[in-house]
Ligand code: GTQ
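Heads up, the chain below is alone and in the form predicted alone; it's given as structure tokens.
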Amino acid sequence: MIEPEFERLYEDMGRNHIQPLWRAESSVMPSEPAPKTIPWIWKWSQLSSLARRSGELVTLSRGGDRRALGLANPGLGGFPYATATLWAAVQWLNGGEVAPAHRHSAQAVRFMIDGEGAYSTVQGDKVYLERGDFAINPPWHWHDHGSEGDGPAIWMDGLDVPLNNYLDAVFFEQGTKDVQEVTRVVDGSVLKYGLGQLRPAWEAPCQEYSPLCTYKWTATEQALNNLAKVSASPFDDVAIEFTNPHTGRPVMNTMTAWVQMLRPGIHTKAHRQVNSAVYHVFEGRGATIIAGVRFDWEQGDIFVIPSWAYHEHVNASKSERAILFSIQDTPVLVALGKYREEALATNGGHQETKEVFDAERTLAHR
């Protein structure tokens, strides 16, 4: 029972918009992260069907300037965010369409899922995109996308929109023309910097953002295969990070991107990190166990691993590799001194699988 003096003290504090720490300490400083983001998976069978139907029904003028299907994590209260810091979407362009030029303060990347004749023009630098290509979009850079092929162009978008909004740092500007002027040689950044470790001798290194607008899948795949001959991570198997070749830093200040290959028969050990990640299954099939729940995935699926959740990956195939692309908010945590990582120390480094993910059951228990 609260004594009258204390009751009056708390009432007076409340009227003056003050909350005593001793009554809120456990909620504002819990013993470990308690993210609202929950582990979740979006199946490609559903995503591709909805994207195709959107392509048939929604014009770019009716749906804004991007036909993008934002992935809304059920733990985030209806916001169209995949995690508390990362926005992810499947974007669909019909053949011959253009997503008009605009620019924004949000930092963006995209990973090409499918399509021929697709291109992206960033700040006058036009590059053609093929399946598996990874493209960056620094903040406040003009960019438009298009498909010069007959069929659709499909890619996964990744932006730091939730973080950008939380920081009240949002700026957006629509271009005066749908297609910006191409001011450089087509595929110029790839021709100029595509070998990564080399640059024109007369130019200073590009410090703030990568000089490469697009990282081609052929080079990425070769890097994976080469690394597999040398070493691998016990937690992620053969994993590479896209970096600025002039600095070695991640391609964005607020997020990084990985591609990893799970070789046949691999079952990685479990660890957890203070970061969140969104994964796209580029190739193959397998499973990821997140906080004791098994998420089975196949090509095209997209799934989320929240902060501080133990996770491990499984490729049970005896002959086929699996390849995952991911965006992660790690650079923010590292820059702020908040990043932490911990391996599972029990059961040989593997979690006990309590259940297989079921969307309806998960939502019913929330």
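Numbers for residues come from their place in the sequence shown, where the first is 1. Here the structure is a predicted model, which means the values were calculated and not measured.
Another form exists, predicted in complex with 2,5-dihydroxybenzoic acid; not displayed. Remarks below refer to it.
- At a distance threshold of 4.5 angstroms between non-hydrogen atoms, V127 is out of contact with 2,5-dihydroxybenzoic acid in the predicted bound form.
- Proximity of M261 to 2,5-dihydroxybenzoic acid in the predicted bound form falls outside the 4.5 Å heavy atom cutoff.
- The shortest heavy atom separation between W87 and 2,5-dihydroxybenzoic acid in the predicted bound form is within 4.5 Å.
- By the criterion of a heavy atom within 4.5 Å, H280 is excluded from the residues contacting 2,5-dihydroxybenzoic acid in the predicted bound form.
- Stretch-level contact check against 2,5-dihydroxybenzoic acid in the predicted bound form with heavy atoms at 4.5 Å: of 127-135, 88-96, 181-189, 249-257, the positive one is 88-96.
- Using a 4.5 Å heavy atom cutoff, A68, H143 and D157 all lie near 2,5-dihydroxybenzoic acid in the predicted bound form.
- Out of the listed residues K269, H102, R294, R199, H102 is the one that sits within 4.5 Å of 2,5-dihydroxybenzoic acid in the predicted bound form by at least one heavy atom.
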